[in-house]
Structure formats: structure tokens, C-alpha cells
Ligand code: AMP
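Below, in C-alpha cells: the form predicted on its own, a single chain.
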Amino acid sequence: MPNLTIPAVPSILNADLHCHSVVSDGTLTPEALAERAKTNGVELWSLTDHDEVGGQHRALAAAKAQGMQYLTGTEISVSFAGETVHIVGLGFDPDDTDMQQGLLATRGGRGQRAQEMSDGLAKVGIKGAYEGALKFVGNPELISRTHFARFLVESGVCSETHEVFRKYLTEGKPGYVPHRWASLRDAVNWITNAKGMAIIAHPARYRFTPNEEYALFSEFKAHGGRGVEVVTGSHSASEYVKYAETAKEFGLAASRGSDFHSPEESRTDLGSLPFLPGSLTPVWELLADRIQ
């Protein structure tokens, strides 16, 4: 990969390297996402469906048709210190067998988890949640809390999906069921062995103590992780600053992505984020030879 001191791609770039399609829990096709990204001024794009690379070839073709540059992407669910942490992979070979098999195993527990979530909701009077959630699922292997949230909004239990999560789908609520995901080591290894870069997604979302967060970044770096999302849809302006400093502290490159899922649900649209702070090394400088 290019030397960190020789930028191969401009730092000021409208890059959106985190979003989701119907292949996981988004509501738009890869083609519709590409069109929306282009309309919003995105120059470098990545589709990062949860634990899945099945939409990558479609996304690349759609990006090329729109005249955008593209990096392959995924977002892997990881269990760390009792929390679910997400690791974004960028610039990897989507046909890598070990990665595909690892992601398949990670997806495997979602069906049983979904049935248990439905049982928990039934106990508080919300019947048929599993069948209702399935109506919103493009890929049954990836049924998730988001699909249950959409069903509860459709059925009038809540007015919007964020309300559903607060009342029913977070720890201690009737529809919450934990799941054991991949290990941090495995996720980073799948990505790096497929010639990609591993990145900690939206770090401000995790409910870690300062010591636990330090352990996450330390272990991630030790396993070969190389980046962190600094500017992302769920971060505040003060969190941009905090994680810019964290990136410098750990010697990590910085990423930027909206985490867009749906025009109706997402608070941040594709391509609408501020640019990365100029003092950081953007991930795309280190992935220049992987951009298509």
C-alpha cells in the first residue's frame, strides 16, 4: 500500500464509506444507494452491509455506472467486553473464501435470536413480531432488530424506529436478546487476510468505560486494525474531536461514513457529513491501490 507520507488521493474528499442496502438492513438496493450517493456529491463510496458481501459486485457496477470511485466494504459484528462492536472492512477481496465462510458463520445465529426476540415481545402483548419482521427482510439470514423496529412502526406500536429501540429492543427491554458474534481477532484477520483494512465503526456508540475503550483500541491495533471512524452519522461535533485525538494516539487512519440505512429512518444522509479534520490520515490514502 502507498506510504503514509505520500497522499495518493486528496484528503478533502466527499467519501462515504459506511451505508447499508436491502442485502442487510437497509431499505434501498445497491443501485438506488449509488444513485443517491452520486446525487449528494459522493466521490468515493462503499457499501458496508452487515456480516455480508453479497451486494459487493452490484455496488461496484452501480458506482462505475454513476461515475464514482468504489471501495469494497462490510460491517462485521463482534463481541467485546459484553458489548456488540462493529468493525468495518474496506478494500478487501469480496471473493475471499475465508472471509465468506467467517461471515456465514457469524450470520448463523440470527434466526434463533429473532425467534427469541419475538417471544419476548409476545409476552408484553405484541403478537406475530417474527412474521411481521420478515416482511421487511431482503435477506432472511440477516434478520435483525431493525426489521422488528420497522414492523412495530408499521403496526402502530411506536411512531418511529428510534422509539422502538428505546422501549423494546435495548438491554433490559422485552424484545432484547444478546447474541455472541465473531471475536475481534477473527474479524480483523478476515479483513486483513483478504487484503483489506479493518476500521472501528462509530466508537462513541459503545457503552464502554474509559478503560474498556482503551482495551478495545489496544487489542484492535495489536491484531492489525488500522483505522477508526471519526466522522460518522451518530457522532456529535465534540465526538469528532475526541476520536480524532484517539486516532492520533493509536496511530490509526481516519474514516468517514454516514451509516445510512433509509431515507425515512436515517438522521444523516449519504454524503452530508463534514470533512475529516486535516490533521488526520484518511483511510483512502492507505487504500489508494484498492480503489476501483
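In this text, all values refer to a predicted model and were calculated from it rather than measured experimentally. Numbers for residues come from their place in the sequence shown, where the first is 1.
Keep in mind that the form predicted together with the ligand is not shown, yet the notes after this line are about it.
Exactly one of the stretches 144-152, 191-199, 101-109, 209-217 approaches the ligand in the model of the complex with heavy atoms within 4.5 Å, and it is 144-152. At a distance threshold of 4.5 angstroms between non-hydrogen atoms, K173 is out of contact with the ligand in the model of the complex. At a distance threshold of 4.5 angstroms between non-hydrogen atoms, R36 is out of contact with the ligand in the model of the complex.
Interface residue remark: H261 is counted as part of the site for the ligand in the model of the complex, having a heavy atom within 4.5 Å. Interface residue remark: W181 is counted as part of the site for the ligand in the model of the complex, having a heavy atom within 4.5 Å. Only one of the listed residues (F165, F136, Y130, F80) places a non-hydrogen atom within 4.5 angstroms of the ligand in the model of the complex, and that residue is F165. Residues D25, H50 of 21-52 are found to place at least one heavy atom within 4.5 Å of the ligand in the model of the complex.
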